[in-house]
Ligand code: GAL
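Below you'll find only one chain, the form predicted on its own, shown as structure tokens.
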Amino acid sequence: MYNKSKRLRTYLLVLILLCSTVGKSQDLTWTEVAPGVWKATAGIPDKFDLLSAAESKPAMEALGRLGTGTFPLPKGEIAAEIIDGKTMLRFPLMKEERLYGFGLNFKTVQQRGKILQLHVDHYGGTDNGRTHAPVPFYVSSQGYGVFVNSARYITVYAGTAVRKDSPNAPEPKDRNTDKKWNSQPYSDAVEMVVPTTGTDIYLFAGPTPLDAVRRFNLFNGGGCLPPRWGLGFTQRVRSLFTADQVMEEAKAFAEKGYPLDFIGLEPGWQSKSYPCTLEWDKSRFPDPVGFVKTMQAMGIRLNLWTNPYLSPDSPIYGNLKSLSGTHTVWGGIVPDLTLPEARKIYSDQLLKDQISIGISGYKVDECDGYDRWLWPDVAKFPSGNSAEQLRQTYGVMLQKMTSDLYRRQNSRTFGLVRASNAGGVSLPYVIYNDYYSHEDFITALINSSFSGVLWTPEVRGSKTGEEWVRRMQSVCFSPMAMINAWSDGTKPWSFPEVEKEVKAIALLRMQLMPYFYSEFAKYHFEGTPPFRAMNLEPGFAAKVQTELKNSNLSENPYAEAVTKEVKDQYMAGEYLLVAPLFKGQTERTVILPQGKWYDFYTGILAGEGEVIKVTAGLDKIPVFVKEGGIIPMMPPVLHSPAKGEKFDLEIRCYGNKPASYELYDDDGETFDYEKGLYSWRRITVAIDKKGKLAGSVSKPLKGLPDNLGNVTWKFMTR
């Protein structure tokens, strides 16, 4: 029941306080709350916000290692004003400044000139702010970040509007005579509308854009560190598969020599779904305990699909009905996860029926949108938090609730989710959706690095073997290597003409596990995104260009321009530059940052700070390695190393100069690394007495993990 008298008192108090702030400019007082992170408060913020929903805590020790930095903007040019119960914010921009971030965008990387409404939703084909992770954080090419901690639908004018009192206003042009006239003149500010009476604002120092991103990630607790098996290969089976069919699928992978670490069960594992019961369907899975044990004996873990809406047939429906919102989704109630008692009832069911018997993770679906079936903004929730606030945070709260269950078991998880937001950086989930553009998937992978989320360009199906192998290549250079066969039952070997190439790239993914695992450790301990935009790479100097969509003014009367930018290549970890090919392509251009870059496969010099054209057959995705690159690799195994299992290492070295790399090691499964039970092993390449390169690996400290077996060296550059 709603506590009406308490809410009335709260409303009157807010009304009284607003009388002193409405229509007034806010004096922003900036306080350094962490090294290189400053906070100011405008008006009276909501008690429930993005950071409180995720319960994120800054990684202060790691932030301290980055140092404090310099306050990044002129304080006098940052403005906040409360008008009609809304908070208006303004941040200055320089003329050539570029903006990145504002969440998970699919078509554009550079966001200056955009008008966005940051609103959790299924991606609808346009970068308008309605997306799976509309994170209100942006990064500037000038080397700083801005974050607005509000769980509201924030409207952003990212350098689109010009104030008449602007000291840097653009010069008016005569459209009749000036060919450079366009409908969107230069603007010197980012302006935002936060539809509530106040908000907290954070600024993150550089000096580089990557440093600002690191600080944001560390302020949110540092990136997630998946278990080793989470970086292996995964197959999601058809919706109505039975236990026997799942086991046959796993056997087929083993017999054909394809790697497989975990299988995803889709809606049919539950007795009912859309809405869900959260209990096993006994006709398809008569013995869940025995089934899970059998799969574990085969070296396969299980991940379960679900959505959060509860069927009247769910065993916990009755206990959660009064703790849910006023509106249903597909006839299922929507638990108010801001209430501890609701979370406990929900969590206890997951623990009792699934996690306690060995289920390794979840795929949390449909917590993003669309408006036509999700709860409406008029819905009410017993906590008193608005439908809008729950829309913006529900995916984060589901991630937090489920990952906490695994933490209590001292067992790491790695799952999938359809919605996230700021505060979710440390939560072990990868975003996915139903959209299926290969090119846009890569743009999303790039954009994820600006907003503290992970994105996977999953594979579902293809019309040709060529498209299939190209998609598989991208998947194997992403946070989660996954085929999602819930609809058509696709297998890695579904296209016999490219089966050899698909198996090779899947096994290469397994070989690269020591490298990717170390890069995820850097995400956790240092805040560096494991897969990131070229714009965050030092020495990358590709210019963003704009040109008219169409010079025919009768067809394009407002002379609107489009942005040409690099959105089809990215960094995978510290050293690898990945340049995917798409269906129909046999060659492409690649922009190499400053310094020497080598072909990953041959070690041959590819170029030095230049634009190159590359040709690749179906057997390879173009990958280049930075000068001094050290890539630790293991044998092409079918399952990731288990806890305590040693693995051999082949260390590939690129270039002719001394170099070093930090290789991360822990037990690969538990949270014992948080107690200090982990090690960084320094790999060093130096010139020996004979003038040749020689390598060494530092010895492990006593009592710390040591999973390395035999080490061999491969100096790729001759």
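Counting begins at 1, following the sequence as shown. Since this is a predicted model, take the numbers as computed values, not measurements.
Just so it is clear, the following notes concern the form predicted together with the named molecule, a form of the same protein that is not shown.
Of the candidate stretches 313-321, 209-217, 158-166, 362-370, only 362-370 contains residues with a heavy atom within 4.5 Å of the named molecule in the predicted bound form. At a distance threshold of 4.5 angstroms between non-hydrogen atoms, Glu266 is in contact with the named molecule in the predicted bound form. Among heavy atoms of Tyr274, some come within 4.5 Å of the named molecule in the predicted bound form. Residue contact with the named molecule in the predicted bound form: Trp305 places a heavy atom within 4.5 Å of it. When contacts are judged by a 4.5 Å heavy atom cut-off, Lys567 does not count as touching the named molecule in the predicted bound form.
For the candidate set Glu255, Asp434, Asp488, Asp84, a heavy atom within 4.5 Å of the named molecule in the predicted bound form is found for exactly one residue, namely Asp434. Taking Arg471, Arg418, Arg152, Arg532 one by one, only a single residue has any non-hydrogen atom within 4.5 Å of the named molecule in the predicted bound form, and it is Arg418. Applying a 4.5 Å heavy atom cutoff to the named molecule in the predicted bound form picks out Asn484 as the lone residue from 459-485.
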